[in-house]
Structures are given as C-alpha cells and as structure tokens.
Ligand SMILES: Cc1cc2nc3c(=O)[nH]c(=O)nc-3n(C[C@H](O)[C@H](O)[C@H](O)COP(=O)(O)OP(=O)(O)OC[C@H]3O[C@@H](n4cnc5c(N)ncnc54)[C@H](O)[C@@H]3O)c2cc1C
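Consider the single chain below, provided in structure tokens and representing the form predicted alone.
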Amino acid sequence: MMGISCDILVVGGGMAGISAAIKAAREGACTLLVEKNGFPGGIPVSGMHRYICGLFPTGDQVPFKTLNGGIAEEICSGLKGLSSDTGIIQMGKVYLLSFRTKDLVTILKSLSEKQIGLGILYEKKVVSVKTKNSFIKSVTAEGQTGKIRIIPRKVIDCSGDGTLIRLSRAAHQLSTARERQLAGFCFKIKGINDPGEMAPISVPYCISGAVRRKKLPPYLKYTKFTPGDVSGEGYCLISIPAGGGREKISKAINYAVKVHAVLSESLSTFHDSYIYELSSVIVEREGLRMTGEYTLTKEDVLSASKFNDGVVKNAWPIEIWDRKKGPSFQYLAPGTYYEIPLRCLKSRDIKNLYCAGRCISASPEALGSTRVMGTCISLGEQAGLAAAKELIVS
C-alpha cells in the first residue's frame, strides 16, 4: 500500500473542504485533500443547489460584500464574472447568491488546482483511521486505483457526514432519525409550458392539496419549486424523513416521480413536462456533530453572541425543517450577526483533529443556522488557517 505524509489532511472537497485546503496551502502547509467524488463542490453540486445561503449580512440595503470576506468573497466574485445570471437576490428577510452549477465547479477547480502546496486525490474514500494517545496517526483512503496510507500532522474533517470524527472515535452527538430534521431531494423538470412567476406558489399549493387528499405522504407538502436557467425548466425540492439506509435514494426517486405525476395531472403548464435529471444524493440537513471545546447554542445565535476566539460571522436564521411542522425560521435582529468560536472547530479529545462544515460542535438548533453553504466556506477557511498556524507554533 502506497504511503504519503503531509502537514494537513483535509477530508471532503465540498465548500468547507475546498476552502480549508486552499487556506492551509496558502499559509505554507503541505496540504492534501481527499474527496470521494470526481469533482469539487460536494452536496451543492451533486444535490443540485441553486443558491448560496449565509454569505451576506441582513438589513434594508442589498449588500455589496460578503459578511466574512476572504475565500467566500473570491468565490462570489468569480461566479459573478462567469455568468450574468448570477446575482444577489432577496428572499424574505435574507439575501442569497444565485449561481449555475457548472460555474461553481469551474471556480472551485480554478482556485484549488492552481494552488501551490495543495495535492488533490479525487475518487478516494476514507475507510480507516489509526489513533494513538489522542492523536490521529494515519488515515487510509481507498479508490479504484487501490489504497493509500496518509500520515498527517493535522486533520480537518469536512466530509459532511463526520467520517474522520466517527472512525477516530472522537466524541460526538447524533440525534435519532426521528428527532433529526427532514432531508432534501432535488429533481429537474423540463418541458414546462410558460410556468410564469406563480409556479413557486402554485406547485406547493398543488402538492399540499394532494397530501390533503392522501395521494402523497404528509412531508411532501413542504415541496418547493424554483425556476431554472432557461425557459421551460425548473427545480423541485422535496423533503423526506432522515435516515433510511441504502434504499433511501430509490424511495426518494419514487417520491419525485409521484410528485411530478401530480403536477402533470393538476397543472396545465406541467402537462407535457418530464423529469430531466435526478439528484444523485439525499441532502441531509442534520447529522453527526463533533463534540468540540465549545458547543454553540440556540441562545448564542439569537442573542448575536460574540467570542474572544470568534472566527466566523453569521447572520443566517435558525432554519429548522421539522418532520411534523415543516420549515420554521428564527431570525436575528436586522443588521446583527453572531460569531462562531474557533473552539467549535476543535475536537475536545482528539488533539490534532479540526472540523468544518455541517459537523461542527453545535446544538441541533444552532446547526440550523451554521450549516448553510456561505457559512461553511468561511468555517473551512478558518479551520485551515488555524491548523496551519498551529503547525508553525509547534
């Protein structure tokens, strides 16, 4: 089995992982990124996301800059430069950045593959971790070309599902499947006859009616619709229960087919439409959360708390997708933000383990605010910076 050493190993090439790896390499650390897919971007790409949430401050004026700057601002500027359709839009009390998937992949590849000091291993999945005296000593990744043993000095888990946290047996929390938020599944529809501006309203209304008539399961009433990049296309996001094992993706596809059938039968604009593309993943809104040196709470978020080691600013509301009640939002006061301390990114008991993205140390309620894409970019950047700085000190 081939072996390799590095200063910093980043597992997961999503928004947090790419940002962590780039920042660590920029700080002079020999950095290796391991990603199970053959492309960067993670869930935002494979899950067919349309907007980046958590980038901007709130308020009456449309923001011109991101709340945290840094790599988040670089990605935002890069996306705007690639497509005139990319822009800041307002949804309710918050601002989001619309983007095209292919543009996001282009920007992430440009930033990462040209970065000196950064090596990337695509299509490699971490399968085992060896720890000793509360340190991760080695990580084994496997792909079609075989196994590779990686010996890092620092490790950053940006996998989204807490792969390193779990395999290293670092302390963590995981709510039961019944307690966890609804998961999401997206599919793309084409052939829509002039959906117009009412489709984001008429589609949920139509699906809710089918739920009331018991033609569809109750959680599908939270279906959302957004227009596509060209005329005649759009995206449906359905919500399904968390957990479910290997058969879950087939169930999600079956739900998508049923939802589309209802739309085709009930809405004239959808009569000749068809499902063009299905997401390859289930988007879990809640999962394993590392136990860090500090656990961010709901009170920290809503009271706009600041910390001596605050490293990331966030103004996104606590967004909860409850199994029975559906989506709810608890907002911060306009123009305010809270801080996420570095201690939420550091494992309590594995001394060389950092974390960024969805698995940071936070309560389930606080996670409803921290897990969004824009915030994850900055969490990754700060984890990469902190790990690199710690190398210099040691």
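Note that the structure is a prediction, hence the values are computed from the model and not measured. Counting begins at 1, following the sequence as shown.
One more form of this protein, predicted in complex with the named molecule, exists but is not displayed; see below.
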inquiry  = I'd like to check something about Pro195: if you look in the model of the complex, is any of its heavy atoms closer than or equal to 4.5 Å to a heavy atom of the named molecule?
reply    = no
is_contact(Gly384, the named molecule) in the model of the complex, heavy atom dist at most 4.5 Å = no
ask   = Using heavy atoms and a 4.5 Å limit, would one call Asn37 a contact residue for the named molecule in the model of the complex?
value = yes
inquiry  = Can you tell me if Glu277 lies within 4.5 angstroms of the named molecule in the model of the complex, counting non-hydrogen atoms only?
reply    = no
inquiry  = Partner absent here, but in the model of the complex, which of 252 to 260, 200 to 208, 122 to 130, 107 to 115 has residues with a heavy atom within 4.5 Å of the named molecule?
reply    = 122 to 130
remark   = Among Leu67, Leu342, Ile43, Ile350, just one has a heavy atom within 4.5 Å of the named molecule in the model of the complex, namely Ile43
key: Stretch 151 to 169: residues contacting the named molecule in the model of the complex, 4.5 Å heavy atom cut-off   = Cys158, Ser159, Gly160, Asp161, Thr163
